[in-house]
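Single chain ahead, written as structure tokens, the form predicted alone.
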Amino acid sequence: MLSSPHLSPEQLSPRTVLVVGGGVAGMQAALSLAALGTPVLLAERNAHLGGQVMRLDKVYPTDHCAFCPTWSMAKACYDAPNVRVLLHADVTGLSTDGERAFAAIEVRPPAIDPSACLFCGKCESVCGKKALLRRDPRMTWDPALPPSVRVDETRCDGCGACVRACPAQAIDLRREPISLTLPVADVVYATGFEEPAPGDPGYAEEFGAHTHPDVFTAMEFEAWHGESRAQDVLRTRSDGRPVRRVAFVQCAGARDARHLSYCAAVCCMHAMKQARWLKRRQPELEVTLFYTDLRAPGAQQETYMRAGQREGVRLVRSRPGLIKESPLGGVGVRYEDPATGKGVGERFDAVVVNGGLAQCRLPGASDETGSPRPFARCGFCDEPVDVAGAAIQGVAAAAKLALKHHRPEGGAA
């Protein structure tokens, strides 16, 4: 069930487990715990469950819709009688007294109450700043997401015209955050990952993300050119020219001692999925995938990679050292030719950089001495993992807590 932001400690069972993060791993952990009879509080910082998967168009290696199974999981969480869902909720800290954990949670009620909104559009018609949005601009599946209107605080000047126009009195631009301190029996972290912004650990300046309209991160490209947004002719984001050449660059900020030392595990398959979209849509496109090592460890993933090669995706085993705007137009990519060992420069109409996926922080994961607290973790925040692996880890985290809290009499855990 969906919880009120005014949730009080008395409303929670002493056996309640807090799951931090409502992506695939967190939802699966919550549903698995609920199936074992454990009450769950599922805290998600965004306005919806589903996490990063809700930003995907399709998932490899089946190319099935990403939204449909993810929303089914979300609905199961909303409908489960022993799962409480808190949206717009940031877990700001955790403490323990040796037996129980205490979670500090800040809930940010949205300016537009989704339970009262009629989606009539009157607020949008009077907003001169165009600050009312019907979808998250990062999302690929805008027609399929549950209807919602939100206020873009970067544009809103607080004039109140929308408040006066709303016939349902659903808008309040002055809603204040609500601070909660709730006791829980245990905690599962499922906070996922974030793409790097300038200054973040996984951001590598030489790859040019966020510096040119036609240099995309993987998730930006998913939203801009996803298969659900198929166009007759792909065009550049900068000036609308037809796209002829596209490059995918792997390990951009990953496997790099300066940024993130680990492999993000999902990038090779994700890039091949997007590359195959392009070739299916426009077979004449030149699509190049620069890689360090092709990671295709799951079932049918090697087959998926080889199919991309047969469809004409060019694979180059090389790590580009520089991506920037070319003075001759387009985006230049500088790399070492693996056959000759010499530096090569190529121009592309669009470049997609993959890698540098940073594990989200774990609030309260360490005590005052820096020692890790014994809370369960699952999904990308535990180790880089794809959608299927995240679901498996969610089940495993629930099983771990079941063993921890339901030990047989006289037996070992």
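Being a predicted model, the structure only gives us computed values, none of them experimental. Residue positions are given as counts along the sequence shown, with the first one as 1.
Below, we turn to the form predicted together with a small molecule, even though it does not appear here.
For the candidate spot formed by L132, D214 and L234, no residue has a non-hydrogen atom within 4.5 angstroms of the small molecule in the model of the complex. The stretch from 323 to 331, 254 to 262, 84 to 92, 338 to 346 that comes within 4.5 Å of the small molecule in the model of the complex, counting heavy atoms only, is 84 to 92.
The closest heavy atom approach of R45 to the small molecule in the model of the complex falls within 4.5 Å. Under a 4.5 angstroms non-hydrogen atom cutoff, the small molecule in the model of the complex has H270 among its neighbouring residues.
Shown alone here, F193 lies within 4.5 Å of the small molecule in the model of the complex, counting heavy atoms only. At a distance threshold of 4.5 angstroms between non-hydrogen atoms, Q52 is in contact with the small molecule in the model of the complex. Comment: the small molecule is not present in this chain, but in the model of the complex one of L31, V385, L41, A376 has a heavy atom within 4.5 Å of it, namely V385.
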